[in-house]
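Single chain ahead, by itself, as structure tokens, in the form predicted on its own.
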């Protein structure tokens, strides 16, 4: 028999939260996570919204969709949910898409699946081949992330979405903050905590799981028996892998480090947002017309790089 829950003392503990020094049961875990998710949804969702839930089929995006569905049932707010899956063309994505279909069918949520190659004429396997044969300028994850973000924005806009909900958890957020810190990209850090510029072409993002650790999302998804792919993409590479390993090591030696780091950086960045965003100006790409801060958006820059690698 497992030890009793350190919070309620009534049920068996299912997970150890090292940052709290507590082992808690499924009910207390669910309550803890919902108390972190619901305020975000209360603040960000209004009547009449159309929420595009970015659904990769992984545990975090699947849990995000579940919480949106639950919030719609319990809040009394009148809004729509549509799940959007961007298919990068990898074997990994094929497996997770089957889980995404199962979940949307179970919840009764509209599900839109779009191939990345139908939008940009490149799939990630094609990019991988070009990088292996050409002069590699960036890692594969960089191309994938840029293409996927713009594809999601395009499809969400076409579907009439007013907000895009992503499955970024606390671990993801801290990794991104430290990567931006390493690069010296303070403007990118500021954009994580500030409202998106008002424009019909750029759909604002919300991150319901931003204060929930990856360990908690994993356990909760398993306990709820949510159809989801629990593995990590085998193609992942680059700085994020190294930063993740570094932060995981800090967390293991100093429980609660990630949450404290997130809160501290958030406080500092929010105080500096007026200065950091003073020179921020949203433009439109002169080639494709999508929102950007430069003359050419990252997607068009990357497409030019890739096209230059294609043998003539």
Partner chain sequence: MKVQGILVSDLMKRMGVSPLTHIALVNGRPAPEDYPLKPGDVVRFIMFTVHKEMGGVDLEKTL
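Residue numbers count along the first chain shown, from 1. Just so you know, these numbers come straight off a predicted model, no measurement behind them.
Just so you know, the form predicted together with its partner chain exists too; it's not on screen, but the next bit is about it.
Remark: residue 23 counts among the residues lining its partner chain in the predicted complex, judged by a heavy atom distance of 4.5 Å or less. For residue 252, a non-hydrogen atom is located within 4.5 Å of its partner chain in the predicted complex, even though that partner is not displayed. Taking the partner from elsewhere, residue 75 is found to have every heavy atom lying beyond 4.5 Å of its partner chain in the predicted complex. In the predicted complex, residue 49 stays away from its partner chain, with no heavy atom inside 4.5 Å. Residues with any non-hydrogen atom within 4.5 angstroms of its partner chain in the predicted complex fall in just one of 95 to 103, 208 to 216, 110 to 118, 149 to 157: 208 to 216. The partner is absent here; in the predicted complex, the one residue of 192, 223, 186, 202 having a heavy atom within 4.5 Å of its partner chain is 223. 131 is the sole member of 144, 164, 131, 179 with a non-hydrogen atom lying within 4.5 angstroms of its partner chain in the predicted complex.
Applying a 4.5 Å heavy atom cutoff to its partner chain in the predicted complex picks out 230, 232, 233, 234, 235, 236, 237, 238, 241, 242, 244, 245, 248, 249, 252 from 230 to 264, in order along the sequence.
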